[in-house]
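This document opens with one chain alone, in structure tokens, the form predicted alone.
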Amino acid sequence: MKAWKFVGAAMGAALLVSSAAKADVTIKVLHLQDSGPTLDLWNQIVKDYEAANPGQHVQLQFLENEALKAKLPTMLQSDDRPNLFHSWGGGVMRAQIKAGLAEDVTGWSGDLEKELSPGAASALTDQGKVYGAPFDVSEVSLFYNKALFAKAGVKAEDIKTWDDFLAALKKLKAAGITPIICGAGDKWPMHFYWSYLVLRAGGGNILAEAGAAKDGFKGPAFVEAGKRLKELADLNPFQDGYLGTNWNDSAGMWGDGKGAIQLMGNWIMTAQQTYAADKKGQASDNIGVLPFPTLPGGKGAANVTLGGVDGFLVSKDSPKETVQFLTYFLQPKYQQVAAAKGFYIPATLGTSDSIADPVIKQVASYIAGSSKHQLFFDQDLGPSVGRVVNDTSVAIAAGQVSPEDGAAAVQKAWDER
């Protein structure tokens, strides 16, 4: 894989000095980071970079997750487009590249693959060309409130299979505890359930197999996933009004202790603090984490994981200083801070030892031990199919479509993409 080289301390100094004589440049960064502590670090990186690079200015611009997805296509075609924009890779990124909205930066700064996790770095490449770089890796896991589990007499170590999981939910309900908090109003949080069930039923390569086969998305694994999701929803395990609850509010509810479980990426650790009523949320020592359970007769093992790579793509016709800033941003000096404070799991190598939070460390170990780390379905399958996956997941849970019709809808979207 071709990639571009991380600028170490010595090389970085040379680059920074040489840039001082250049004309003023403004680098616009569009992100969706809403965690205050994480933004404090990012603002410090910007401050340090600007101090070391007179004439260069970095503007951080925030958009909420769904707003970014909706507005980004138009923004990238405007004269005021961001130079760096958040990306999860996958089919959405490939569509942006095909539309000519992302810049091929292969060779702009040498070879970065020795400084970044190879799997993470490859997520922002296409056909051997580099279009950006990742800053973190994530995994979707079952995060649970230890105190609420104890109150209901649920033992986390006993939850290994789907039947174990459903039994735990029933015990939580019997104890008067809302078993699961879900922000289904934004739809993508519900797609985590359907996606994991597909992986557990069909195995880690199921998406590639389905895409290569005629009517592959109508196959047994996808129908079985829908049936299991409906089985889950029929227990009424979610909070009241979950179909209209957005992700931010769901994170706050879980942080407030209003439910026992949230199936979410490891970013829940900071988000549940940000959106909790007291801005503190659950203490780390009251949070546990589990792999998604296995299905009886399923092909997917417990170490087939679902997650993502968060990074930045470079937009078309951006100045080369854009890559210089991204390289500066990714250096271990800063990413070790992110790891140590549990903000995220950095893609920069040499940072995992800095992870202090035991929950994040556990998630990192799941990723390290994964036999297959599948990118979020709604990203991997591309924007048009991804929207149908998200819509269908909610519709199945709500009883609005059957598992068979849901699988057929995904197949139709795949055929028409």
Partner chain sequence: MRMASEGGPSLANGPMWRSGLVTAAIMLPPALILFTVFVILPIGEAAWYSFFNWDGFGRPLHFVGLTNYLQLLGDSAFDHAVADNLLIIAVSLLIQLPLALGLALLLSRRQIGTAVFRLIFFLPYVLADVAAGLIWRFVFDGNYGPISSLAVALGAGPVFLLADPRWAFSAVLAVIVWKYFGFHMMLYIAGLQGIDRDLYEAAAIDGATARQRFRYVTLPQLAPMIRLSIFFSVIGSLQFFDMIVPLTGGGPLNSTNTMVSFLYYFGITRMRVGFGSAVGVVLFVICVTFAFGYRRLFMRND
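Positions refer to the first chain, counted from 1. Everything quoted here is computed from the prediction, not taken from an experiment.
If you look for the form predicted together with its partner chain, you will not find it shown, but the lines that follow are about it.
Only one of the listed residues (76, 340, 175, 290) places a non-hydrogen atom within 4.5 angstroms of its partner chain in the predicted complex, and that residue is 76. This chain is displayed alone, yet in the predicted complex one of 95, 223, 152, 233 has a heavy atom within 4.5 Å of its partner chain; that residue is 95.
In the predicted complex, at least one heavy atom of residue 246 sits within 4.5 Å of its partner chain. Proximity of residue 387 to its partner chain in the predicted complex: non-hydrogen atoms within 4.5 Å are present. Although the partner is absent here, residue 356 is not a contact residue: none of its heavy atoms lies within 4.5 angstroms of its partner chain in the predicted complex. Taking non-hydrogen atoms only, residue 347 never approaches its partner chain to within 4.5 angstroms in the predicted complex. The chain is drawn here without its partner chain; in the predicted complex, the stretch among 68-76, 262-270, 166-174, 321-329 whose residues come within 4.5 Å of it by any heavy atom is 68-76.
Using a 4.5 angstroms heavy atom cutoff to its partner chain in the predicted complex, none of 190, 219 and 368 count as contacting.
Contacts between stretch 372-395 and its partner chain, counted in the predicted complex as any heavy atom lying within 4.5 Å, involve 383, 384, 387, 388, 391, 394, 395, listed in sequence order.
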